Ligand code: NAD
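Next comes just one chain, in structure tokens: the form predicted on its own.
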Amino acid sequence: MTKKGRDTVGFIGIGNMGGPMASNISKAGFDLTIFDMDRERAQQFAKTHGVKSARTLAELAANDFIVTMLPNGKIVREVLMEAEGGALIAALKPGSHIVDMSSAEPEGTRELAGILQARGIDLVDAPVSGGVGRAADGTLTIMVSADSEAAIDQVTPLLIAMGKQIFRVGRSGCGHAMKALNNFVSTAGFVATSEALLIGERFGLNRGTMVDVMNVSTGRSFSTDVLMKDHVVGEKFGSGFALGLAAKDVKIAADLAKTVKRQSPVLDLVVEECMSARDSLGATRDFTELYIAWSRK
């Protein structure tokens, strides 16, 4: 705690999602220090939001909570355990709480939780859903899990600063598993809707009308309700979620299926289609541009 009695937070990863999430943490009254490998981005964020920017990872270790919002589990582990010669993990004190809000591999999360637990450090995985818009207005859905219920209790006030719906989903790794499976269902819905629009348009139907019909019928989904009209029919293609991240998430779900020895033919097909589109268009293209890749077939 600071002298003013405010909990302190070190936030690593000020990207499309991490930036607005960190902003909401500061607005909620936490004493925030941010870190990003893009030093210019970090300094600009700190200046704009009136928070501190750490020059090294070790500077974050004194905070009550360390939040990571990074591209994948491998990078999370590198930042926590290896970067700057392992400076952060060496400086963290027993009783520290790390909150990983990235999308990561569930088995890797469990392994990392065990390593940290041996040092007296709690790892809480708390990935999010809702996109950039809900990150900005603090209404994300957060899927939180840990091997310690007490650890979840400790970080819940912090999570409330960023999310509207907070679900406790199980032991360590379950949060990341839930995120991957949710994104599989979402992506499968986008695949199905895109195929329907392409088939219907070739037959003579209007894409916009098709989406309107689906949205008041049984075909309604997040894709039809939120993505299709603006980003596909309107050709905005700017959901803020990268194609490479979508492909990564469904691959995590597919790997999880293999881990639990469950056949998943629909999931396997979605992975194949996403990987193909990523390789064709590029990982940095918007997720909704999957439609462009499929329209070329």
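This is a predicted model, so every value here is computed, not measured. All residue numbers are counted from 1 along the displayed sequence.
This protein has a second form, the form predicted together with this ligand, left out of what is shown; the following refers to that one.
Undergrad: Under a 4.5 angstroms heavy atom criterion, identify the one residue in 131, 189, 108, 138 near this ligand in the predicted bound form.
TA: Of the listed residues, the single hit is 131.
Undergrad: What is the one choice in 71, 114, 170, 208 with a heavy atom within 4.5 Å of this ligand in the predicted bound form?
TA: None of the other options qualify; the answer is 71.
Undergrad: Can residue 179 be called a contact residue for this ligand in the predicted bound form at 4.5 Å between heavy atoms?
TA: It does: once this ligand is placed as it appears in the predicted bound form, residue 179 has a heavy atom within 4.5 Å of it.
Undergrad: Indicate whether this ligand has at least one heavy atom within 4.5 Å of a heavy atom of residue 234 in the predicted bound form.
TA: Because no heavy atom of residue 234 falls inside 4.5 Å of this ligand in the predicted bound form, the answer is no.
Undergrad: Counting only non-hydrogen atoms and a 4.5 angstroms cut-off, does residue 30 reach this ligand in the predicted bound form?
TA: Residue-level check for residue 30: no, no contact with this ligand.
Undergrad: Is the gap between residue 269 and this ligand in the predicted bound form 4.5 Å or less for some heavy atom pair?
TA: So residue 269 does not count as contacting this ligand.
Undergrad: Within 4.5 angstroms, counting heavy atoms, which one of the listed stretches 197-205, 210-218, 98-106, 158-166 is next to this ligand in the predicted bound form?
TA: In the other structure, the partner sits against 98-106.
Undergrad: Could you pull out the residues of 11-45 that have any heavy atom within 4.5 Å of this ligand in the predicted bound form?
TA: Residues within 4.5 Å: 12, 13, 14, 15, 16, 17, 18, 35, 36, 37, 38, 41.
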